[in-house]
Ligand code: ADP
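Read the single chain below, which is given as structure tokens and is the form predicted on its own.
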Amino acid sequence: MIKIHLTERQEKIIDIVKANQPITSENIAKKLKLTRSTLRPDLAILTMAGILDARPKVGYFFTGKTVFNVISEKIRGIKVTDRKSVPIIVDEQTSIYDAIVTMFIEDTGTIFVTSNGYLSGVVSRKDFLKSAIGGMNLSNTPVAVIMTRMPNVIVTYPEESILDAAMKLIEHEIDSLPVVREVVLENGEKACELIGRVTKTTITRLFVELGINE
């Protein structure tokens, strides 16, 4: 992961390059009263991070990027497939009661519903609460009765950016997204193969990892 916090010396190097670009490593070292070998690791880090650019026989330039720009680019480069987790799934014919039990056992807020192996809907804690308050026979009513059906389910795709997935979670005020792969059935109709999930916890963990410089 890219470090969020630069050292004091690295900050000074950036300031020197900004004020004197293009500038050679030798001249940077002179201004800091250090040797070129001492600065070499710092210059390597700043260059690899994209904050500085080095041109042979010319010197170092400031690219205009800040540490936060670099982190933003890092997040945009992370794909959903790199962060997806295993989805909690029940079949359409599963009773509401059994689906509730599954939710508690798996400690999840969202359950994905499938039919013939393909995503057909999604059900949340709120859906279960409504059905319980409404006096439904939870043991004899299939979960399909209360789920949000396709194509009204908001989905994400393996090659989509994790940032795009996070924006969908916020925009639609939901806790979880199914990760799907579109397939064409024998009858020519399209279906969604469920291959994972992305949740608010997924996004939170990512930002924590970035924040603690792992």
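Note that residue numbering begins at 1 and tracks the sequence as displayed. Nothing here was measured: the structure is a model prediction, and the numbers come from that model.
Beyond the structure shown, there is the form predicted together with the named molecule, which is absent from this document and is the topic of what follows.
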property: One residue of S124, T81, S131, S120 in contact with the named molecule, assessed in the predicted complex (non-hydrogen atom, 4.5 angstroms); result: S124
property: Heavy atom within 4.5 Å of the named molecule in the predicted complex - the one residue of V58, A44, L163, I154 that qualifies; result: I154
property: 4.5 Å heavy atom contact, I174 to the named molecule in the predicted complex; result: yes
property: Contact of N27 with the named molecule in the predicted complex (heavy atom, 4.5 Å); result: no
property: T148 within 4.5 Å of the named molecule in the predicted complex, heavy atoms; result: yes
property: Partner-facing stretch of 30-38, 50-58, 166-174, 180-188, counted where any non-hydrogen atom is within 4.5 angstroms of the named molecule in the predicted complex; result: 166-174
